[in-house]
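Let's start with one chain on its own, the form predicted on its own, as structure tokens.
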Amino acid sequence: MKYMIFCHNGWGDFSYKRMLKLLPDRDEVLVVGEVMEKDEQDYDVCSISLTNMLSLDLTEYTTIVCSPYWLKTVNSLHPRYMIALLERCPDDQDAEMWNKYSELLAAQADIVGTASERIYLEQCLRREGIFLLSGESLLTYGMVNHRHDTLFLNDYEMIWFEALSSMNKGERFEQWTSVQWEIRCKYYVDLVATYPFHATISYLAATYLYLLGRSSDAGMYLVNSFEQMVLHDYLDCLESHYRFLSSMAAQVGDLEKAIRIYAVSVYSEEDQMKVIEMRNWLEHGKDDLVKAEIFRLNEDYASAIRTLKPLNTSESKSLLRDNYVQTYRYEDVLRLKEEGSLSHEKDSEISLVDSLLIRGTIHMLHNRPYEAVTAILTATTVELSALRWLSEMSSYEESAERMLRSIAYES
């Protein structure tokens, strides 16, 4: 397997150098930009200039992408697989734009890794195939031979190696996400025994139990976390903590309880109308819609999507579209629209604008500038505020060009 690495600020800032030795079936590993000769030898990689990289057939390569500003370049090269390594926003970048396009990178990648547990958990609630590339365990979970070295693996390295191996074989790798959840769950549950009054530790234990589908066990830890937050005068936790209980109730099928808990946490008229709508769904036997909407309101878009995908009503497709928008799965949004799955009522002028803006973003990220600008300008004929997307696209292009110039200068 051939790999090509696209760093953000060059090889010196690449945080996963040891992991390169764990790449399964590795053959050639190229790094776009300059790499010191010693590092080339130590990590068995070769540097390649931006110009020479563009002359290669990347359909033979798996790309490892560490910056959302590479997305346009990598998409145009059609790699065999794309691995996204998500990073926190660098200090010199616009956080809003970095985070948005990191979401788009994750949505288009075949597999996603990150060393940040916060980013990891956020992504676990958005999509499949997310892996944490850090941990605390000192135990050995296997070994890999690389050249003349024998590398003893910790838990997350073993899981990452096995997941990549499955991907390379064209096999499903989601079972390895469950293995990692089990390991992280045990870590935090054991930690709660030592620190029983620590709100964050209890919350994380509850989160991993929830991801594993064990809400009946998770509730106790979440209630403990909520109580500790209140005792320490963090009074804004009704929505961030208590509402999470509604998602747990939905997971075990107690939808009346789920709606009741959610209703306690709402204030606005819009949220109160949402409660009325869900109660109406429940009365008419639309249990899956209630469940999916409770998940979405708790930002568990992945569970909402899994619930809605098997359904085939206009109402469910509209809700599915909303979840795709929230998770930046823009191609899926357009697919639903092109299938004619949305009702005329839902396909309003605002939906038309959204669809054009989404289409424009896709065109831009696939290096089709004329089509991108045409879609955005068409959207402005309906809603003038769509012009801000042109500004955002221009800012993205500038950031990407600046990164490309720095890589070309290094080379």
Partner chain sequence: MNHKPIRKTSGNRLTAMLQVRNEANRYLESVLHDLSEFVDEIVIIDDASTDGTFELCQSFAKVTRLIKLEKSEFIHEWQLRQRLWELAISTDPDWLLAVDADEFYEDLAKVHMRDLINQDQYDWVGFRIYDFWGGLTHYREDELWMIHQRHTRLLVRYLPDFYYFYPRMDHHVPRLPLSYAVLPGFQAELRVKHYGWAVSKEERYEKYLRYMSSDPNGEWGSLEQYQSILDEYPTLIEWKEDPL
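Residue numbers count along the first chain shown, from 1. Source: prediction; values computed, not measured.
This protein has a second form, the form predicted in complex with the partner chain, left out of what is shown; the following refers to that one.
Participant: Is L125 close enough to touch the partner chain in the model of the complex, meaning at least one heavy atom pair within 4.5 Å?
Facilitator: Because no heavy atom of L125 falls inside 4.5 Å of the partner chain in the model of the complex, the answer is no.
Participant: Taking heavy atoms and a 4.5 Å cut-off, does R260 contact the partner chain in the model of the complex?
Facilitator: Yes, R260 sits close enough to the partner chain in the model of the complex that at least one of its heavy atoms falls within 4.5 Å.
Participant: Is there any non-hydrogen atom of E283 lying within 4.5 Å of the partner chain in the model of the complex?
Facilitator: Judged by the heavy-atom cut-off of 4.5 Å, E283 is in contact with the partner chain in the model of the complex.
Participant: L235 near the partner chain in the model of the complex, any heavy atom under 4.5 Å?
Facilitator: Heavy-atom contact with the partner chain at 4.5 Å: present for L235.
Participant: Does the partner chain, in the model of the complex, lie within 4.5 angstroms of each residue among F226, V266 and R279, using heavy atoms as the measure?
Facilitator: Every listed residue reaches the partner chain in the model of the complex, so yes.
Participant: Within 4.5 angstroms, counting heavy atoms, which one of the listed stretches 209-217, 292-300, 271-279, 89-97 is next to the partner chain in the model of the complex?
Facilitator: That would be stretch 271-279.
Participant: Please pick, from E315, D287, E117, E256, the one residue with any non-hydrogen atom lying within 4.5 angstroms of the partner chain in the model of the complex.
Facilitator: Result of the distance check: E256.
Participant: Answer with one of Y330, Y242, F173, Y188: the residue that has a non-hydrogen atom within 4.5 Å of the partner chain in the model of the complex.
Facilitator: Among Y330, Y242, F173, Y188, a heavy atom within 4.5 Å of the partner chain in the model of the complex occurs only for Y242.
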